[in-house]
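Shown here is one chain on its own, the form predicted on its own, set out as structure tokens.
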């Protein structure tokens, strides 16, 4: 199947991108790894596609003060390989190298993945666990920051409004020293996850977060469990994990819950070995 006809704009600056996105039925394309198939299947039918992956402003990675900023058009492969002299948290490189296949990682971008908000995608869970903030620019050129926790409103639904562009992803540089565990279960390498468990503890920031991903909804935060684990330095039992999942995901099947429990327990074990 082929896409319905659309106009393809390739702006040379963010200002021109803003202008191109003024239409009601315009849509941003970054790496194109998700929207491309959706266009071909006619799941989306925009009148204008605005490509932003070549904008220099979105391809920079830098540290300013205690904040690491990753441009939205930085590819998964760039994060996997490391970027210039910027010291990226090891968790980011680990997550990046497990995304799909290298051909996808070469084109797919971190901002595009977050904007697409597939529940089974890696970055939505990983960035929620790391406490990332998204820098978002609206059609009038004004920027705001949205915490990743809360940005995703559900499957393929986010806080983005028409004309909004994710400009960058920000993390505290201290996250480079965080204790972390990330586990993904999928049927074979390269597929989307059936279950994701992510754990991040940064004692210097008094930060602890446990995230369950690939739930068919926004990433699930288990804050009570995270606080208890940080306080006692003791891993929750499998029964405790199962109980928390049953409470938060009452509609999940036993198979799905078992997958999520396994992924999360493995992630926790990487932070607090038994």
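Residue numbers count along the first chain shown, from 1. Values in this document were obtained by computation on a predicted structure and should not be read as measured data.
Form predicted in complex with a small molecule: not shown, discussed below.
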Identify which of 68, 225, 212, 52 has a heavy atom within 4.5 Å of the small molecule in the predicted complex; exactly one of them does.
-> 52
Check each of 139, 100, 149, 185 and return the one that places a heavy atom within 4.5 angstroms of the small molecule in the predicted complex.
-> 100
Among 71-79, 173-181, 126-134, 140-148, which stretch has residues whose heavy atoms lie within 4.5 Å of the small molecule in the predicted complex?
-> 71-79
Is there any non-hydrogen atom of residue 115 lying within 4.5 Å of the small molecule in the predicted complex?
-> yes
Residue 88 within 4.5 Å of the small molecule in the predicted complex, heavy atoms | no
Is there any non-hydrogen atom of residue 219 lying within 4.5 Å of the small molecule in the predicted complex?
-> no
Taking heavy atoms only, is residue 204 within 4.5 angstroms of the small molecule in the predicted complex?
-> no
